[in-house]
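Shown next as structure tokens: one chain only, the form predicted on its own.
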């Protein structure tokens, strides 16, 4: 380097010190995120580990929660009305490819369908601009707890052999009463097609003018729900939900209306255990149309991570801490199950696909 372009020795040293400081900060952030500086801090590893079934490690290659499910493909038919709330292309009138997964909130992929209270729906809608909207919903109207830390403590209480663990947890987390009341009294159906699925978490829609709207959304079934007693469901075939939705869709598409509920000023957006009042503005923005069902073992949803923070421009997360926590836990679960891919059973019991 010509003499005239050399940096003074002090400048070189200063830059090296700056680079070292940046690296040190990045390393500190990494270990902090891992929880190494604060053992009591909740981390993705701790959360996923807490999902381990009481009997031991879960079957290899499966999701760590909502382990039993079935894939579907179809379209989202946007009616254009949602563009009043968000400039995301997914709300412009038209049809957009949809890929999803009906599932059960269980760590056991071989559980009998009639024994699991909470049902879920993971969904990914893609648009021509290359963006995706991923979401994970359940049929409960509220989440059991207010915070990710509370959810972790709930998992520990459920796994505890102490008979007082759950009563003690309920005393310190009174918000769980709403969920418990729903679980005890809400009717059961015999089909995913008859269930309503709710986002529960709050998100922010940004419209074309830049105005922001706090929202939650639900998928309302077009099929009329038929109430079935839990004891009757327990007698049905172990995989009756997958078999029923497969036969139903073979006879014609299943549909759900997407209803977006808009918060009023002052409504809580950080706590999914608290429902919003029934009189809040609700906007029908389109219809999910499920056209084909495929077994998960070789289906298109097998390796999809339904991370709720994968959002298109025009939608962002709110102050609700759950989407970020779920994103981290989902990623950890995804890493573990893909590392176990060789152990995943690609054929169903009996050799069928």
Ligand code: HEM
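None of the values given here were measured: they were computed from a predicted structure. Residue numbers count along the first chain shown, from 1.
Although it is not shown, the form predicted together with protoporphyrin IX containing FE (HEM) is what the next lines describe.
Exercise. With the partner absent here, would 200, 322 and 326 each sit within 4.5 Å of protoporphyrin IX containing FE (HEM) in the model of the complex, counting heavy atoms only?
Worked result: Yes, because 200, 322 and 326 each have a heavy atom that approaches protoporphyrin IX containing FE (HEM) to within 4.5 Å in the model of the complex.
For this session: Tell me, yes or no, whether residue 275 is in contact with protoporphyrin IX containing FE (HEM) in the model of the complex, where a contact means a heavy atom of each within 4.5 Å.
Result: Result no; residue 275 lies far from protoporphyrin IX containing FE (HEM) in the model of the complex.
Exercise. Though only this chain appears here, would residue 343 touch protoporphyrin IX containing FE (HEM) in the model of the complex if you measure heavy atom gaps against 4.5 Å?
Worked result: Residue 343: no contact with protoporphyrin IX containing FE (HEM) in the model of the complex.
For this session: Verify the contact flag for residue 120: yes if a non-hydrogen atom of it lies within 4.5 Å of a non-hydrogen atom of protoporphyrin IX containing FE (HEM) in the model of the complex, no if not.
Result: It does: once protoporphyrin IX containing FE (HEM) is placed as it appears in the model of the complex, residue 120 has a heavy atom within 4.5 Å of it.
Exercise. Are any of the heavy atoms in residue 214 no more than 4.5 Å from a heavy atom of protoporphyrin IX containing FE (HEM) in the model of the complex?
Worked result: Judged by the heavy-atom cut-off of 4.5 Å, residue 214 is well away from protoporphyrin IX containing FE (HEM) in the model of the complex.
Problem set entry | Per-stretch contact check against protoporphyrin IX containing FE (HEM) in the model of the complex, the hit in 82 to 90, 259 to 267, 182 to 190, 142 to 150 (non-hydrogen atom, 4.5 angstroms) | Selected range: 142 to 150.
Exercise. Can you pick the one in 310, 289, 60, 51 that has a heavy atom within 4.5 Å of protoporphyrin IX containing FE (HEM) in the model of the complex?
Worked result: Exactly one residue meets the criterion: 51.
Problem set entry | Option touching protoporphyrin IX containing FE (HEM), based on a heavy atom within 4.5 Å in the model of the complex, out of 98, 176, 154, 137 | Only one listed residue qualifies here, and that residue is 137.
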